[in-house]
Ligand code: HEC
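Take a look at this single chain, the form predicted on its own, given in structure tokens.
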């Protein structure tokens, strides 16, 4: 009797096990969508080569990622100073983000490229690569692959903005002007106040504009110090990166070709001294002596010289971006003051 009970128990256990296994080995359902072959997609970037590694290393040494303003999260700053803000602005066309950015990321691969959106060759496509209508002045620039740079490296809206032969203006902010990134405007010969004078303002395009931003700032990389995705034009270790310059200026030994930068630096310093002596510019802070309570009440031409100083100082190329235009603005602004 006992023997039969054991046999029955074993039979029940075996049957129960078979029923459980059937839950996992029953009829197969419909097949899912075939996966993408990683060899055709992921390995375009993630492979045994060093190209991606080099670019990441270069970008990590750029001011985009190392600069002290790379994490400005306010709604008016985030569109250019954070990755999330830039992507949002390009998507909706606004000049500000809907809200302050939390957990901000510095400008990185995904900021400028469509990384991991379709997992194919379009991941390399540039974001915001269409022609750019500038915030100040409304001119549309098309610098090709440099258009992504122009999206941020343009003048902010100046208010109030002096207009040739226009009304007097009152400057009420010590930070009045084009802000810190007007390079594309200088490159295109825009935004500056073309005050009358003996210096002639150039017309038409010039070689540096045709080259855009990338031809110089992304020239042959010097390790992860300059060129490439560092966007740096020089480094403490290697000095100035002349790789793009020598294509046209074969004898170039520095950016100061034919003394052009030296000339601009002297003109800029001369105009700065005038504006300090006039009581408009604070020599210690580099800011305007203007507040809501004590505004600078100026004619359009007077304010125009302040704008020209601000534009060229913030461009920071000492005229390289557009030599003839920069020199004309400075010379005529100095001439205006009768110095």
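Note that the structure is a prediction, hence the values are computed from the model and not measured. Positions refer to the first chain, counted from 1.
Missing here is the form predicted in complex with heme C; even so, the following discussion is about that form.
- When contacts are defined as a non-hydrogen atom within 4.5 Å, none of 171, 278 and 301 contacts heme C in the predicted bound form.
- Checking 194 to 202, 265 to 273, 225 to 233, 162 to 170 against heme C in the predicted bound form, the stretch whose residues place heavy atoms within 4.5 Å of it is 225 to 233.
- With the partner removed from view, the residue among 101, 218, 158, 134 that has a non-hydrogen atom within 4.5 Å of heme C in the predicted bound form turns out to be 218.
- Residue 63 is the only one of 297, 291, 47, 63 with a heavy atom lying within 4.5 Å of heme C in the predicted bound form.
- At the 4.5 Å threshold, heavy atoms of residue 42 reach heme C in the predicted bound form.
- Taking the partner from elsewhere, residue 139 is found to have every heavy atom lying beyond 4.5 Å of heme C in the predicted bound form.
- Heme C in the predicted bound form is not approached by residue 190, whose heavy atoms all lie more than 4.5 angstroms from it.
- At the 4.5 Å threshold, heavy atoms of residue 180 reach heme C in the predicted bound form.
- If you take 274 to 301 and check each residue for a heavy atom within 4.5 Å of heme C in the predicted bound form, you get nothing at all.
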